[in-house]
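Have a look below at one chain only, the form predicted alone, in structure tokens format.
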Amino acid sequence: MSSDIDFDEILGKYRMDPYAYVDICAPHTGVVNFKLDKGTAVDGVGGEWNHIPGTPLFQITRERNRRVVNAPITGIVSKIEVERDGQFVEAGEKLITIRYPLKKKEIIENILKEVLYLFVAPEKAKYFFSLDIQSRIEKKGSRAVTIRQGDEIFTMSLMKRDTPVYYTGQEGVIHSIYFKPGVSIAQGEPLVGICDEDTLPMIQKVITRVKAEWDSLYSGM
């Protein structure tokens, strides 16, 4: 597996563009009027109880009812669909893109999701590790637990019915866990990230490298 992964290319991508991009879409149909320009710095929700709304992005009017849409995150407006200003838009239409700098933890998590084998939720449901897997994790830690094809890895709880979920994928250890037991997970969202033993040392080196190079990733920003 490790021979198929170009870690330098992955790291280079984040050096060139250490940002994430969030698209803000029309919440419903209506006429849109923008309240800022491209390049404007915006603030997300703030306050101790998240009671301070973010920077106003645009107003959308439907049947004389006006609604202001605020920035959900702090960042820079990198794109505005200016041709839509004053026009009728459909629900879900992309209007603004906000760019924000990724934190070190986010970059590491993104890299891991690119190189690990992600076992995803087959349905929207609540998930729990199987009793055997949970016992092994408690005794040794998740990264000492090897998962093989056909292993019963999860119990899926849906509509008050529990169903075993069997692993399909490459053999490896549980490197990352992306769910909380008993919390509903959307279909297709990752539950765990599996790493074969040959790739594990390389991944640890890359994580160490990202941590060490973080200042250089943001130089000139």
Partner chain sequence: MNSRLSASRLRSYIKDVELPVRTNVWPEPEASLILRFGAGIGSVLEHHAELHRTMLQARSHISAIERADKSVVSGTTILADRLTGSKGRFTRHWHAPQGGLWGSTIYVNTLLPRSRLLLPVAAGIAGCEAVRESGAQDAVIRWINDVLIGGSKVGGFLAESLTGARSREEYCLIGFGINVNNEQFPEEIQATATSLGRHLGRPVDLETFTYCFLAKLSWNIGLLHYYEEALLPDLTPNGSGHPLIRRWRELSDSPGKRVLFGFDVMASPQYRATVSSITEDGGLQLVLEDGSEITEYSGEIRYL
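By rigid core we mean the largest C-alpha set that fits within 1.5 Å across both forms. Just so it is clear, the model here is predicted, and its values are computed rather than measured. Residue numbers count along the first chain shown, from 1.
Quick note: we don't show the form predicted together with the partner chain, though the next part is all about it.
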In the model of the complex, the residue from 39, 27, 164, 188 with a non-hydrogen atom within 4.5 Å of the partner chain is 164
Can you pick out, from 136, 84, 79, 126, the residue that has a heavy atom within 4.5 Å of the partner chain in the model of the complex?
126
Options 66 to 74, 30 to 38, 170 to 178, 43 to 51; stretch whose heavy atom lies within 4.5 Å of the partner chain in the model of the complex:
43 to 51
Indicate whether the candidate residues 201, 204 and 209 are all in contact with the partner chain in the model of the complex, with contact defined as any heavy atom within 4.5 Å.
no
Consider residue 157 of the chain shown here, and say whether it contacts the partner chain in the model of the complex, taking contact as heavy atoms within 4.5 Å.
yes
The partner chain contact in the model of the complex: residue 182, any heavy atom under 4.5 Å
yes
Does residue 65 count as moved between this form and the one not shown, where moved means a C-alpha shift of 2 angstroms or more after fitting the rigid core?
yes
Rigid core fitted, is the C-alpha displacement of residue 51 between this form and the one not shown 2 Å or more?
yes
Core-aligned, does residue 29 move its Cα 2 Å or more between this form and the one not shown?
yes
